[in-house]
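Before any questions on binding or motion, here is one chain by itself as structure tokens, the form predicted alone.
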């Protein structure tokens, strides 16, 4: 018995050590960015690296209000990300409901096409998107950027939401139909309350993808639509890279995502685990 207990203890210690090592690998770049953001540019470039230094907050002030302020770009990212997320959810929820609950003609073909759009490398779409938006005079516009973001966020959201919709017992819908409820009433009052966790997960992922997106933003944006992921490169030039200010700007850009993640933590956990228990009404 004692041998079994010692073996279990050793396994636990090993697992904790591995988990701690993995956590350190993940969190070290973030810790390093925080440290660099409070250094002066001379301290950042010092060799060997300085362990003790006088922290300064000027980098954050410069990132927000200096010559390369990212404030306007933060507002741009917020507009594009929120608009993309809202439109995606508004369109994805009824679409996922149709895929999961209705008998549609060519349902498998449409579903395969929706999933296949996720397999296309984004870099292969940059030039076609650029030519199309340029043709319709929508380059460097909020509308054009949001439409482009919808093309890759909507299939993902539909694909994700279908799995939650399929787990809801059909008996709940049938009870609503017996009470003379319409399809839309059933969707609003029966289905959506049951998949709130899934909607929360989808909202977070769609928002994160839109907020962190860089490839399309740098190619299809400009002076009018300049998300924060692009604006941060103002601190990078041929002559030098302002690492301290860049780190401060990056941490500021992370803040909305961190706040949203913490605020929606319970819903995310619930949404990620709800699919583990399958409903008994799938047909």
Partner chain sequence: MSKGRVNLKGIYKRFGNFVALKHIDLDIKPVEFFALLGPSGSGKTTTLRMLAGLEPPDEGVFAVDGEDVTYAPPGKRDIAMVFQNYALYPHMTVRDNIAFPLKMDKVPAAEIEPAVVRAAERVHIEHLLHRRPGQLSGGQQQRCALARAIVRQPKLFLLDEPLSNLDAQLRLQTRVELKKLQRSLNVTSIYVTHDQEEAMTLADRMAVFLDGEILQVGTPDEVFNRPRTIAVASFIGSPPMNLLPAKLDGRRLVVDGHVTELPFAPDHPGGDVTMGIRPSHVRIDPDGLPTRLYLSENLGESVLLNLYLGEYLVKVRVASFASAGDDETVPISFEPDAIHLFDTTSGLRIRTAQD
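Given the structure is predicted, the values throughout are model-derived calculations rather than measurements. Positions refer to the first chain, counted from 1.
Only in words, not in the display: the form predicted in complex with the partner chain, which the text now covers.
- Query: Though the partner chain is not shown, can you say which of 163, 83, 141, 194 has a heavy atom within 4.5 Å of it in the predicted complex?
  - Reply: Among 163, 83, 141, 194, a heavy atom within 4.5 Å of the partner chain in the predicted complex occurs only for 194.
- Ok, 89, 74, 200, 176: which has a heavy atom sitting within 4.5 Å of the partner chain in the predicted complex? Checked against the cut-off, the match is 176.
- Query: Should residue 137 be counted as a contact of the partner chain in the predicted complex, where contact means heavy atoms within 4.5 Å?
  - Reply: Output for residue 137 is no: heavy atoms all beyond 4.5 Å of the partner chain.
- Give a yes/no on whether residue 108 approaches the partner chain to within 4.5 Å in the predicted complex, heavy atoms considered. The answer is no: residue 108 has no heavy atom within 4.5 Å of the partner chain.
- Query: Is residue 79 close enough to touch the partner chain in the predicted complex, meaning at least one heavy atom pair within 4.5 Å?
  - Reply: No, no contact at 4.5 Å.
- Mind listing which residues of 32 to 57 have a heavy atom within 4.5 Å of the partner chain in the predicted complex? Contacts from 32 to 57: none.
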